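Form predicted alone, single chain, as structure tokens, below.
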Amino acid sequence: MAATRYTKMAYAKADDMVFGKAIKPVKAGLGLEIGAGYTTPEVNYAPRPEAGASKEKLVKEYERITTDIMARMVQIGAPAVVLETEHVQQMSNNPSWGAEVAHAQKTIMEDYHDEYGIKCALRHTIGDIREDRNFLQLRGDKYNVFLEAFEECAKAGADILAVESMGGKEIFDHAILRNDMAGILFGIGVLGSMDMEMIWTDITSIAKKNNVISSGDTDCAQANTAMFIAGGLLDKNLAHTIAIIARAISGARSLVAYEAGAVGPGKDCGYENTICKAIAGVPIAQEGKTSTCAHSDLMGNLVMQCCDLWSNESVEYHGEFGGTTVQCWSETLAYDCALMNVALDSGNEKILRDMFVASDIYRDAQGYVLAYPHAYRVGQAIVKDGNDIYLRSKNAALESIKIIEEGAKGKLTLSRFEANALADAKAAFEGLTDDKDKFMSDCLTKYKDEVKVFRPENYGL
């Protein structure tokens, strides 16, 4: 089944987008609706490394994590919670391990739902195990194990299936270190989109067969890599203007999951999710100030603007003064959601949304472009040539550059380093052909020669 491309926006205007409401809400798990008028905390965690020594130890660790979260949510009177289990590699490489963890978690969650009425759902994010030490093997034996992991978790109790897929990363990693704009566009927008279409068509059919939710992907492997290399305001490893161009392109890439049948909620670390929500109308998870346990970013409040699930990214399971880490972070998330839900109930959601945005919009070019009115414009640029995965990615890059240039005439401050990087990027993107076939041919010739680990057959080329 070919993906159905988006050629128009789900929302008539940017101002219609708020947290807790999506045009296409999703029912999942035990009594939960996502994007149906309220926000819900999504708690994400990692087992201690020693817990991975055996399947039994790992299952026990996840039972403790699940019980701790559910108990704390009930203790503070939180009405709903989502648990996200991002697979450690043992769980995806051995699908029976992931399945046993899912079953153990869901059993505990069902007990709490039956006893206390708490609405809850379990998301399992399968690890993209399709890599060897030396190269990506996106198709073949590894791909079969990858799909089996989805199948087994769906059968065992996971309500929501997700992945952070890595298609295009071998080109992106080469390109980002060289400020090679064509390579960034090829890696994220073209190869990433091609791989996404293959895997999300398959994930969606597994989800439908097992009556669970095919949710969404995130460009963690590429756009988040750029964001992390860019670092803080004083860092100069990579221009922040380049990082946000990569993020804009990733909006066109992450959209492919929905074009191939996924329904949301989009995954937390996809900072491009506001763009996807504007186009597809699906609910999204986001992370920001509550992900400081995992990483720093420069838009900690702003990304709450349109979230339906609010996440902590990930935290290792261990003790803190206030309880275990998962109890402390789930409680923080729940109180953030309580504030957003009161805003929704009292009709003040747009005021709160705009305060979230105002607190971060001028901090950095990344937050400026992702602020919902600007994210909406990137979405419009994508759907303008929605049927062409190359052109729409190029459009997204050029629109993000235009947005930053406009911002720099006002309150958005760009250092000389950032302004020069932006000017160079603009010249590079404007110099690219509008012909997808020519672009593909040029890139295949160039990167087959330059990137030893690049295998066109991974993408059916």
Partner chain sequence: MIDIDPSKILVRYNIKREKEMTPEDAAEELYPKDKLIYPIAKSIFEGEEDDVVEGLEKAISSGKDPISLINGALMVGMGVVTRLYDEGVIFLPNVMMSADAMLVGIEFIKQKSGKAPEVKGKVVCHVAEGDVHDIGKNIVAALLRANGYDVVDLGRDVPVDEVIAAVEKEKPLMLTGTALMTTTMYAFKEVNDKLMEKGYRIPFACGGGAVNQDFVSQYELGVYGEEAADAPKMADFIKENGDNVVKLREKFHKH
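It should be emphasised that the depicted structure is a prediction, and the values quoted were computed from it without experimental measurement. Positions refer to the first chain, counted from 1.
Heads up, the form predicted in complex with the partner chain isn't pictured, but that's what we're talking about next.
Practice task
Would you check, heavy atoms only and a 4.5 Å threshold, whether residue 415 touches the partner chain in the predicted complex?
Solution key: The answer is yes: residue 415 has a heavy atom within 4.5 Å of the partner chain.
Practice task
Indicate whether residue 115 is a 4.5 Å heavy atom neighbour of the partner chain in the predicted complex.
Solution key: Within the cut-off, so yes.
Problem - in the predicted complex, residue 236 touching the partner chain (heavy atom, 4.5 Å) - result: Residue-level check for residue 236: yes, a contact with the partner chain.
Problem - residue 359, heavy atom within 4.5 angstroms of the partner chain in the predicted complex - result: Residue 359: yes, in contact with the partner chain in the predicted complex.
Problem - Which of 226-234, 96-104, 379-387, 279-287 sits within 4.5 Å of the partner chain in the predicted complex, heavy atom basis - result: Going through the listed ranges, the match is 226-234.
Practice task
Scan 60-81 and note down the residues that get a heavy atom within 4.5 Å of the partner chain in the predicted complex; none is a fine answer too.
Solution key: The stretch touches the partner through 60, 64, 68, 73, 74, 77, 78, 79.
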